[in-house]
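Consider the single chain below, provided in structure tokens and representing the form predicted on its own.
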């Protein structure tokens, strides 16, 4: 049974896609055209914290993000928050929720804040509702709030299986490699802009699928790349892994660029970072690192601890000339977890007083 008037707080993290999700074959259930693969990031570097309280005194759900109340009537937010009804149905409950969430990194700037936010919310609400859902079931629910959120339900290297069933019951996240399988892997998260992107991922992928004839060949190439990436990671082959993720990132952004009207998430600094990675690899005579960009200008440069000093030296030049705002370095991270410390809760006495009394 749901536990009323007690705060449940969870912590989760975003993921960076190595093989991308871009385009839905079902808009309502958020079912992708192809499977995708990601690396879950370290909570210590990028994290979302979300608190949930159930109360009979609430007539409707209430949501705070970054300490500010959000309009749950907003179309996109309403679509994302349909997961609350799905969670209630799974738990056999009609309890309304007071929710407070905070992203400890820029929101809506191409750093998977929706993935981290939705996954963490599902994890915290599952505990508050005492729904007893396993990771697979939670990933199916998270998927319906934000597609890539299903991958943030697990740690390590995660595949979101596209599935084939119309109801989406076989489209869920599965861990391919635990976080300690290849602990030397490093992701350099290079922030060149913290501004909110002009075209949301949700709008951008629909625009691409609707207007770009090149998109028809995308699912086949992505599935082939996923198979090759699994093999490269299994063999701990950074050279092949880096080549695959760069080709994948380039293909996705080429599709965006050739969409009508054109979608351009990358900026001058993004292209300069791409050039610098390629020049570094050429200078050492082998592929020691690779870049990948989600739907935003910020880069993720993947390498290993062995080669991290060379990558750090290259990035230092960008930091010094001001074209990069900051760099965070992440190892492969774990999935969401509950926080037992009551001081971690984000729901304040003022929030409770205003909405519950």
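Residue numbers count along the first chain shown, from 1. Predicted model only: the values in this text are computed from it and were never measured.
The form predicted together with a small molecule is left out here; the points below concern that form.
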Checklist entry - Which pick from 202, 264, 161, 240 sits with a heavy atom within 4.5 Å of the small molecule in the model of the complex? => result 202
Item to check | Contact residue in the model of the complex, chosen from 62, 311, 30, 54 - any heavy atom within 4.5 Å of the small molecule | outcome: 30
Checklist entry - Would the small molecule in the model of the complex be within 4.5 angstroms of a non-hydrogen atom of every residue among 22, 80 and 252? => result yes
Checklist entry - Exactly one stretch in 142-150, 222-230, 209-217, 127-135 has heavy atoms within 4.5 Å of the small molecule in the model of the complex; which is it? => result 142-150
Next on the checklist: Is residue 114 part of the interface with the small molecule in the model of the complex - any heavy atom within 4.5 Å?
Outcome noted: yes
Checklist entry - Taking 4.5 angstroms as the cut-off for heavy atoms, does residue 17 touch the small molecule in the model of the complex? => result yes
Item to check | 4.5 angstroms heavy atom contact with the small molecule in the model of the complex for residue 301 | outcome: no
Checklist entry - Can residue 295 be called a contact residue for the small molecule in the model of the complex at 4.5 Å between heavy atoms? => result yes
